[in-house]
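We give structure tokens for two forms of one protein chain below, kept apart as structure 1 and structure 2.
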Structure 1
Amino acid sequence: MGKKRKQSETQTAEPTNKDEGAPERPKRTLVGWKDKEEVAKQTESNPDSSSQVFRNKEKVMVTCSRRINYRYRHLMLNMVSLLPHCKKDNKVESKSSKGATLNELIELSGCSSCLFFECRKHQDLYLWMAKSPSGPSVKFLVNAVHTMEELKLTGNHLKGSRPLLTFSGNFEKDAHWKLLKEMIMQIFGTPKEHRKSKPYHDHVFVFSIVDDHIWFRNYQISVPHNESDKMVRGGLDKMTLVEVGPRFCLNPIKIFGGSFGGPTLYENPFYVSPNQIRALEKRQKAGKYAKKVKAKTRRKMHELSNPLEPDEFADMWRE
């Protein structure tokens, strides 16, 4: 802020100097006399940069539905710890009008995007990713969840350091993948110079499309001990990654035009809801007895319709 004010001062100061007709003197600053050329350069570059300067003000609201599983809740908390630019909100009742509620909440908390973990039937987790005022929003089915608490994930990294985002090449394959990539990049990338972020980079996110699912991994970047300050030589070869977690796999279901609603832009043609799968399994199990009975009656009918021919030697030894 202080810097900006100074620059505006320089702009106003210059013309008065000229009016007086006095020999131009270097501009005085707090530290001493400033070179004239430098001042000119600054004033010249200033309007240009101010119009083009890009500031990422992303803020993500993270929340979940009521009656969420502990496992999924932990996953959500992991995400909260990974995203320093997020705001955790209270649980939201998961009913048909949740979209409006959520939009309101997002607006109230001044966020620009939202991650909503929706748990249904205590077992299925859906993740909503939405850009707030004008969409789009995506609904994913989440499976293969591993939280950060698992002991086999041995890495650790700074809380709030900005992650590197790596995307697999097949995100460029189709329009909906491109859109998803942009959304993920905006939501999961920590804004530069965010006040809670730290100036180092010691972890990397992996977003990879395998089998039409987006797989998420989080790795810590580690170099052998007491060498991290002299990484220049040979550091590349010794660099290893240790997984920190969490892990999950996102299966996109639908992309909507608005935030939590609006016209459907994309629908996964291969998607089968877990409810259907379970119903199918149940039906399969239920059909066992019916099948047996059916087979029995069929056999009987068959025997009745094709009776055996009377054997001509049947009473050969009877006499």
Structure 2
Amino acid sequence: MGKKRKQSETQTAEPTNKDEGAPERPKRTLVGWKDKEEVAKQTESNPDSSSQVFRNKEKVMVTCSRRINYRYRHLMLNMVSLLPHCKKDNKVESKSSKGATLNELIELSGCSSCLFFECRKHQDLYLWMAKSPSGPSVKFLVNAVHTMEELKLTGNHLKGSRPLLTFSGNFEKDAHWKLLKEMIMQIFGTPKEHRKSKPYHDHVFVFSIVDDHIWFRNYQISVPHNESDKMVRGGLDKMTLVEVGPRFCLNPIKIFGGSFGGPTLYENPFYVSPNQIRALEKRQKAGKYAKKVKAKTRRKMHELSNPLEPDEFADMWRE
């Protein structure tokens, strides 16, 4: 039999606190680890600094209507890949009550803006840009759509990198263009130090106004490198832009004071709906057919009014 242990050995030792002398772990934030001592020093030096710090918490919800075309769905997915601060949501029925539904979804998802792709008659695409919940909102007709998949361009930038936004000079011409520029800057500009974005600027979003339409292009900033992946001397002067895609054109229809509705701030006087364009084309085709029918009736009336004289040699070979 084994020896019995002494009573002093059987007594359990009191647990020692290992973290007794260790420093307290700093609080973690979206930016990184936050040191309490540094924050205390900043607040002592400038007590109003905490209230003056601005953090861009812009978050965009991207969604579409039901029965959307496959090309327009691919365009929406391209925009989702270009905006790291966006959130994709389920499809929404495009009825008269879509505004209240979308505002509720935006509030539930914690977003402040929305890009809503609305498809009508499986062929017409409308884009809603809205700031929720107080507005304003803009309705565009989307034309000249070309997705990344069908363009097959050579550009290729880092996914999630922050874009540079460039605008043509005529955005400062009228008040409604200034409002659209501010909305585009807030929606398409990736917030600084966003957790899903990369700290690089390697592509450019170009917005230009031509014929009262907003044309969108996406270019990669290409810089020449050596074989050792180092920048060539003077390479910044040799930078080029390589198009990545997608491409589309926005025709503004109306600007509303609220979110997906409200008082009309601006209405495009030169806007013609796609239904009217198709109706005019049908009328032109119907006009061609009507001309043929009128020509046939005129020919018949001419033949009746000007009958041919009887031919005297008609019965010559009949026996």
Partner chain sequence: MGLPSKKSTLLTENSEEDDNVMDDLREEESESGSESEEEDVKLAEPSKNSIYNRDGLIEKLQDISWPENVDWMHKLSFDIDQEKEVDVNDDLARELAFYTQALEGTRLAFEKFQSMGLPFLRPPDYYAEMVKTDAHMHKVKGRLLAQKRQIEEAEERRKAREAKRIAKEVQAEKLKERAKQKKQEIESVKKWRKHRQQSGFPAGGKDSELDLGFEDGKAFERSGKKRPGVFPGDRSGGKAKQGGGKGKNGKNREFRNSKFGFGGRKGLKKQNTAETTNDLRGFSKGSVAGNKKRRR
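Here the structure is a predicted model, which is why all the values come from computation and not from measurement. C-alpha atoms forming the largest set that superposes within 1.5 Å between two forms make up the rigid core. Residue numbering: structure 1 sequence, from 1.
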Task: Structure number of the form predicted on its own - done: 2
Open item on the list: Test your reading of the motion between the two structures: two rigid parts, one hinge. Which of His146, Ala286, Thr154, Pro84 is at it?
Closed with: Ala286
- [ ] Treating the chain as two rigid parts, note the angle in degrees by which the smaller turns against the larger between the two structures.
- [x] 34
Task: Cα shift between the two structures at Lys296, which is computed once both forms share a superposed rigid core (Å) - done: 6.9
